[in-house]
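Next up: just one chain, as structure tokens, the form predicted alone.
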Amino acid sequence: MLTVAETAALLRTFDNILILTHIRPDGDTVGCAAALCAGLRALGKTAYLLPNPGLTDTTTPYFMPYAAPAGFVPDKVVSTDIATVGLFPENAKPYAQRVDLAIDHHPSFERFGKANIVRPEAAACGELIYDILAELGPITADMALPLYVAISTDTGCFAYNNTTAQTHAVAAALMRTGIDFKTVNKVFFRTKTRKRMALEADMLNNMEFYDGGRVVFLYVPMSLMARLEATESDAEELSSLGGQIEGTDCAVTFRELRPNVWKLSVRTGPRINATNVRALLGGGGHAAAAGCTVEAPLADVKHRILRSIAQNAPDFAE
């Protein structure tokens, strides 16, 4: 496993670089990739991001200035904020066996790169990218803005319990470069489309409680998305809704991707380890936030995840 200094030294030897982001890209993977690309270009390197079909309206502006042109053939491949090759988009799968450097912060990171660096204690992969870029040279505003997106989104605008003093220190350093962090905060955390609000209303109307009200299940079936004509941008970060419900410390959001294919997002407090909960179903993540994709009828998926929660909560109330 590489150190930050070793990672920076390795990146100095790279050129013609392609950077990968994960499926259903969030602010952390996009922000990390864009910032790293900007940092590599500042060194005179040729670097691009592999186009990702899952981009939303909020993440696209940070990604597109660095998107690779058609036909670009890389000499080196780097992944950012990807715990396993199972999270590669379809167009990234041809690179699964040739990732030269994998940079991540998930405890479930599978070390699939030829070289790897991971920081599980970091609130966001953006914190690790910040240190790597600082080792390479000055952090410019072009790097700082996507890094702020990365760190703020993975911490819920610094409200999640993964936020640390170091998180705030990095954010402060990024803000001092003069970036427009106010617009980031407004767009990502204080603006919702009407369709998004309708999605949340339906989820709350149909939520189910278990474990004496401490566990809540929320559902986003394909039929709901179709009825509201909602897009991926409307559904971005819906998994954060359950954690706002008073009295709960474990929220599971069920998002139907295809018929009988459900993406589960688990958000927990200190009583239950989210990574352990998803372990029986595959997937990955952190102690307080994890996810997996399960192919089965909804009733079966609910039974399996509830059983896993019960096994990981010592005082689970039947």
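The structure displayed is predicted, hence computed values, not measured ones. A residue's number is simply how far along the shown sequence it sits, counting from 1.
The following text describes the form predicted together with another copy of the chain, which does not appear among the structures shown.
- Looking at Phe72, you'd find every heavy atom of it more than 4.5 angstroms from another copy of the chain in the predicted complex.
- Another copy of the chain in the predicted complex is approached by Thr163, whose closest heavy atom lies within 4.5 angstroms of it.
- Using a 4.5 angstroms limit between non-hydrogen atoms, Thr191 touches another copy of the chain in the predicted complex.
- Shown alone here, Gly86 lies farther than 4.5 Å from another copy of the chain in the predicted complex, counting heavy atoms only.
- Of the listed positions (Ser108, Asn91, Thr140, Asn185), a single one reaches within 4.5 angstroms of another copy of the chain by any non-hydrogen atom in the predicted complex, namely Asn185.
- The stretch from 123-131, 198-206, 78-86, 98-106 that comes within 4.5 Å of another copy of the chain in the predicted complex, counting heavy atoms only, is 198-206.
- Contacts between 150-176 and another copy of the chain, taken as any heavy atom within 4.5 Å in the predicted complex, involve Cys157, Phe158, Ala159, Tyr160, Asn161, Thr163, Thr164, Ala165, His168, Ala169, Ala171, Ala172, Met175, Arg176.
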